[in-house]
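Listed next as structure tokens is one chain, alone, in the form predicted on its own.
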Amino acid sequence: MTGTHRRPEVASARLLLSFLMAGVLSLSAALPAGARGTGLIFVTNEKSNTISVLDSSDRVVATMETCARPRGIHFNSDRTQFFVGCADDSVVAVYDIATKALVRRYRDIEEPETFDLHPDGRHLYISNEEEAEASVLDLETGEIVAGYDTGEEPEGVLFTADGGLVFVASEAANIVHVIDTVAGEIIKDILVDTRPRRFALTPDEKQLWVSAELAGIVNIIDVASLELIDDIVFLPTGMRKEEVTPVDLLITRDGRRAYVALGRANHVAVVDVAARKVERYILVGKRAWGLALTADERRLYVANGLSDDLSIIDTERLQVLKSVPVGQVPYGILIDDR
């Protein structure tokens, strides 16, 4: 009979495969639950003081009572927890993703607006709106270990991949501060257009894009020279210039496309990054503010602050699939799907 006979090389290959599969299963079992991605979507609602939780089918499955005026939201280093800036409580709260339970509060963090996590996973750089400062929180000790004077009303914070530089936007001063984290000092203040809010880096980190809310444009900064090199202007059909107030922006992993939330213009702009040209405007809810992409980049979520909902965009067809009501004045979005 030949049905049960295996050539030595086939038997060896199958034996090797079985060992590899066993190793994968062992590794999978050892990983924390949050590391595999729950598919949950967390939305901070700054007026209702809640976090809306959606599942992977975009249904609201929970509403978490949280702190006063929750705004910025960010994963910890292993994506098992997330931070929320509680602007009116002067607290950064930490929640467990799997249980949705509050696990820690970092207190006396003056007016935390938004933040970014250093690649070391230990230091959170926070914009303190009323203090005109960017503070550095040591997550292990709970202490503020450094602070940098900024212009009035700092907001956006973004690291380079190696953590060597961090950018902080000062809304009222119209400045992007560049902090050298190794030297521990601000190495440059870059004057930009009116009311800079958020940042995006191109994947090669050659360009820093900055939304200038009241100017209705995005400024582009050359990272090597730290000089302003270009602008992109937005004006959807039927909108007045003063209604175009860009805030959040994202650039795709391949660096080809950018998405810009245009605030009171109620649109998201789709931009060709290389050409620096608007390809399309997509009508969404009222005052498009925060943005988040799924891991596969096929869906873009938009927090609409004055219609209290999320617009969910199919990025292949560039069409809104649905709108989902959340809490009052949604601000930040976090997607746990990686």
Partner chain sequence: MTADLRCRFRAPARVAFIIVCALAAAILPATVRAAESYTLVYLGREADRAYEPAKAYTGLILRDRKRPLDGARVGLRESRVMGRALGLKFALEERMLTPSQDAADAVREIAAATGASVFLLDLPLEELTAAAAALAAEPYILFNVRHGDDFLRGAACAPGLFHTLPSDAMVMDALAQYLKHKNWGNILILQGEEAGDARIAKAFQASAKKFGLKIVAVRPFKLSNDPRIRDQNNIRLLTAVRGYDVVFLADTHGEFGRYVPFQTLLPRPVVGTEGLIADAWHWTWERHGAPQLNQRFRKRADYHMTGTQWAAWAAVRAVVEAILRHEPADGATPDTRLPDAKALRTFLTSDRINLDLYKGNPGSFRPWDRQLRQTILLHTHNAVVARAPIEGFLHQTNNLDTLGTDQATSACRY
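Since this is a predicted model, take the numbers as computed values, not measurements. Numbering follows the first chain given and starts at 1.
Unshown form predicted in complex with the partner chain; subsequent notes refer to it.
The shortest heavy atom separation between Glu130 and the partner chain in the predicted complex is within 4.5 Å. Contact annotation for Thr150: at least one heavy atom lies within 4.5 Å of the partner chain in the predicted complex.
Contact check for Thr194: a non-hydrogen atom falls within 4.5 Å of the partner chain in the predicted complex.
Using a 4.5 Å cutoff between non-hydrogen atoms, Asp189 counts as a contact of the partner chain in the predicted complex.
Contact with the partner chain in the predicted complex, defined as any heavy atom within 4.5 Å, is confined among 77-85, 136-144, 169-177, 114-122 to 169-177. Scanning Ala258, Leu201, Val91, Ala215 against the partner chain in the predicted complex with a 4.5 Å heavy atom cut-off leaves one residue, Ala215. Checking Arg240, Arg253, Lys206, Arg107 against the partner chain in the predicted complex, a heavy atom within 4.5 Å turns up for just one residue: Arg240.
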